[in-house]
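In the form predicted on its own, a lone chain appears below as structure tokens.
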């Protein structure tokens, strides 16, 4: 399992449903990883075998995993299958999975537990909708997601938490720097267990705002969506 304590910041590219073979070739030819940081590329599952890793600061990630370990579940990929493909990280509970595929906190908990058993680091995504934010339910929503999504086996050495305000994803909107820092502080103080966890920020991260975000005292890196598809922009973010 990757030693998370080794890195000052962690940057995860989530390509979502994008990419092809020529895109991958060009991307890795131009990618410039920073030796002080951990960089993870999460591609669509069909390209996982083509992802590059160096076991030092560049790693491979999946965008989802099955809640099942094996059996008659057509189209699913288990945690052990990801491990066979040298996958080091896996997103779980991304807001798009929760919204479009009815992912629940219980699903996220089971998937995260299965990943940890295979020495794969789950990136457990949590975040509030605009309606929840406007109704002052951010703390209640995040607390419920943390309590129910994070398995008992998760510790700061084998799991990550990613805060992604749903209302900021793909909209160009971002919370203020103070809001981001305050929410990350809230997450880390939800329970003493989480004080040592690395918490990443995700939600319209781009080269123009990433430096200010990652310099916040409670932020340990970023989960980058659309901006990660442009390798030059991503290089600027991770530099």
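Numbering follows the first chain given and starts at 1. Quick caveat: nothing in here was measured; it's all calculated off a predicted structure.
There is another form of the same protein, the form predicted together with 1,3-dihydroxyacetonephosphate (13P); it is not shown, and what comes next is about it.
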query = From the list 38, 62, 200, 205, which entry has a heavy atom within 4.5 Å of 1,3-dihydroxyacetonephosphate (13P) in the predicted bound form?
reply = 205
1,3-dihydroxyacetonephosphate (13P) contact in the predicted bound form: residue 96, any heavy atom under 4.5 Å = yes
request  = Answer with yes or no whether residue 168 is in contact with 1,3-dihydroxyacetonephosphate (13P) in the predicted bound form, where contact means some heavy atom within 4.5 Å.
outcome  = yes
inquiry  = Can you tell me if residue 223 lies within 4.5 angstroms of 1,3-dihydroxyacetonephosphate (13P) in the predicted bound form, counting non-hydrogen atoms only?
reply    = yes
query = Does any heavy atom of residue 164 come within 4.5 Å of a heavy atom of 1,3-dihydroxyacetonephosphate (13P) in the predicted bound form?
reply = yes
task = Could you tell me which of 70 to 78, 88 to 96, 111 to 119, 141 to 149 sits within 4.5 Å of 1,3-dihydroxyacetonephosphate (13P) in the predicted bound form, going by non-hydrogen atoms?
result = 88 to 96
